[in-house]
Each structure stands twice: as C-alpha cells, then as structure tokens.
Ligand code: GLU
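Take a look at this one chain, the form predicted alone, written out in structure tokens.
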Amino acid sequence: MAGECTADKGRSFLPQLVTGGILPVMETTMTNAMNLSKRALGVPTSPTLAITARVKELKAAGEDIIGFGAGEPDFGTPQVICDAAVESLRAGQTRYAPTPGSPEAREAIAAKLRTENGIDCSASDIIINNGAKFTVYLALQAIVNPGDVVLLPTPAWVSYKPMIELAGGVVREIPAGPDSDFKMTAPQLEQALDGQVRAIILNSPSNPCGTMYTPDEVRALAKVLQSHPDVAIIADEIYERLVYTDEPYLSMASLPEMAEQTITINGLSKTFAMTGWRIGYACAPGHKGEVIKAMTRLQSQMTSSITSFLMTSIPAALQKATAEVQAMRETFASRAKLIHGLVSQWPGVTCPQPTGAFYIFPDISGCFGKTSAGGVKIKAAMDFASALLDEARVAVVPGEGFLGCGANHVRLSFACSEEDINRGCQRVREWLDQLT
C-alpha cells in the first residue's frame, strides 16, 4: 500500500454527499458577487465524474489507487476511426456542418439501425449530437412540458433525474431490486401509468446495474405501452452491443407497434471506445419527424453541429470497426465473469451477474452497522465507498445517486484490466474481513 499523500492528510479521499449533490470536502466558499440561478444551484454534481476525477488526481500524486469508478472503455479508439478523422482534418473539413449532421453520417446511422436493430428509418429520422448524454437531454427538452411526469425505472443512471427536472418534468420512480435483476415488470409499469405521464426512460443494458431486458421482457413492456400511445419511450441503447448472454438484444423501436412512440438514443462512446469524441445520436421516425425537427431547432440554438471533421468517423466506425468491437465485447464478457466470481466471494455481499454494459452492482447493505479497521461506522453506501478508498485505496461509486435501492449498493466498472480486477477485488475482500 502506498504511503499517505501529505497534501490530503486529514481529508477524506472521496467527495462527500452534501445538500444538492456530491461536492469535494474542501469546496471553496461561493462568492456573493453574482446571484446564480435556482436551476444551476439545484443541479447536483455527477458523482461518477467526480470520483473519476478524484482517482485521476490521486494517481497523478503517486497514490496506488485501483479505480472501479470510470464508465469508459480502457481501450484505444480503433485506428480506422482515427484515420478517418485525421484525413478529414487534413482535407480542410473544418467549417460549419449541418446541425443534425452530414447526410453521409446520418445515412450510415440509419443503415446501422435498419440492418442491426431492425428499426425502419431513414437519414431524415436521425440527429447527431454532442454525446449520447446531450442527446437524452435534447429529447427531454423537446417533448416534456413543466409538470409532465416522466417514469424512471430505478436504480438509474445518475444524470436522468436532473435532466428530467431541467426540462420541468416530474420524476416518478418505478423501483426494481436485485431479485428481478433490477428490471421493472409489466405489471409495475401498468400501475405507474396515468394521464400525467408523458414519457419513460428505458436504459438497457443498464448503467449502473449491468443487466439487460430480454426480448420477451421488452415485448411485455411494449404490450403495456401500446395502450398508452401518448407516452413516449426514450430508449437509451448506448450499451446495446455489449451483451454477454445467449439472449439477443431487442430494440423497442424494432417492434412495428412501438415505432411511432420510441426515440432511440445511442452513440459511439462505449462500443467504439470513443468517450472523448462526444458523438451521440437519436432516431425518431414517428410523427412525421417532428421530434427530430424539434431537437434540431434546439441544438441549432445551443451547440450547432458536432465537430465537423468528426463526421467521417461515424461511417468509419459503423462500417469498418466490426472486428475491433467484437474483440472488445469478448474481453468485457470475460471480465464480467471474472469480477462476478470474485465479488460473489466477498463476505456479506450479494450481487446479480452482469449481462451487459461493463458494470456490476453489488448489495453491500450486509456491511451496514459494522465498523472499518480505520474506525469508520458503515451506515450507508457513501460510508462504505469513502472508507474503502481511504483505507484500501480502491475506488467504487456509492449507490445513493442511482435512486431506488441504489443506497444499498455500490457500482464497480470492469472497464479495466484483469490484473486490476484481481488486485482490487482482493483488496476489498481483505478490507471486508477486517470489519467488526
């Protein structure tokens, strides 16, 4: 174990949960020189990004930290994609591009969705955005009015709730626990629907849970939603190629009866190891393209298009990087099996097997009420994660920000080497053995 970082002596390694979100312990006092909006003050800091930044800071200071926090692949972007962007840059493609994306890039996405996902769409049904996160934000801004209810199966990715609220929407949770692999059931969905509901966000495979709705489960949800045609489905499919079961992936919009209701969200970040490129997209073939037109108007007033010389990287990724994607998927599948086996050996911890994405979401509530070797009373996931980082130098994401039963869980990303998985899981087990 590395020596103590003197710059952080007497200070918790992990950002603490405070009112409004997760902020560093030594946050500077806000000046009163300018009044900030209630909107800005009400948005919490993303705990996943805060922890990832903190781990990078500690590693840069020489600390031996094993980080299970980052939600991004540890692979490099495939060379064929990089070459396409470099060639565009050298060819002088540095001027403004069409707001929804170039015709060639939009057609490449539409072709992918038609052939791989079975979604009947054309290039005019596509908008390309600055990352899938911003795509979700735009979709909500386009369809949600103040007071509209948006259903959110929980645990859920930490940014969905703030995005819904920034659109003026009201979050209505549909809680699902480990007994159902964190997946809501059709009866739960039916019970949550009423005249106030405008939309539902469906994320499969799931961040943070690492589980996927089977085709039969998607069809069961579709049968319920079909009876509520005014409810839009925002299908976040960013992890759809990272699946580790024999069950095929089924896109909600591929069901003909759901095509009009569904806004499919995806991007290149996770599948192609392109998190920093910020390329996301939406497909909404229903209602004569009004959703895509609305999102385009909004984006034209916010960010315009994505970086113009990255447009050619989209066809390159979707058409020429299949082998690299398959190799990454196979590696993640092996890591999923490895980390589940190791986490299952932790005393007092239970965990469903991850079937998609690159996350595992163990229930650590069996540790609540115990005290760490460093004298920390474990009363919540935040205490668990903070003490684990301070005492064992292992970073995980506390589950409070994921809502629902997330407060009993921590999220680990296995987008790291097998060596780190083995070393990190061993450190956690040794730390757990010392709880009293």
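In this text, residue numbers run from 1 along the sequence as written. Values in this document were obtained by computation on a predicted structure and should not be read as measured data.
The protein also exists as the form predicted in complex with glutamic acid; that form is not presented, and the subsequent description refers to it.
Although the partner is absent from the chain shown here, none of Trp346, Ala381 and Gly424 has a heavy atom within 4.5 Å of glutamic acid in the predicted bound form.
Residues of just one listed stretch (57-65, 367-375, 381-389, 43-51) have heavy atoms within 4.5 Å of glutamic acid in the predicted bound form: 43-51. Checking Val158, Ala235, Val291, Ala110 for any heavy atom within 4.5 Å of glutamic acid in the predicted bound form turns up a single hit: Val158. In summary, among the residues Phe182, Phe332, Tyr359, Tyr137, the only one with a non-hydrogen atom within 4.5 Å of glutamic acid in the predicted bound form is Tyr359. At a distance threshold of 4.5 angstroms between non-hydrogen atoms, Lys133 is in contact with glutamic acid in the predicted bound form. The closest heavy atom approach of Tyr239 to glutamic acid in the predicted bound form falls within 4.5 Å.
Interface residue remark: Gly69 is counted as part of the site for glutamic acid in the predicted bound form, having a heavy atom within 4.5 Å. Glutamic acid is not drawn, but in the predicted bound form it has no heavy atom within 4.5 Å of His409.
In the predicted bound form, glutamic acid lies within 4.5 angstroms of a heavy atom of only one residue of 268-284, namely Lys270.
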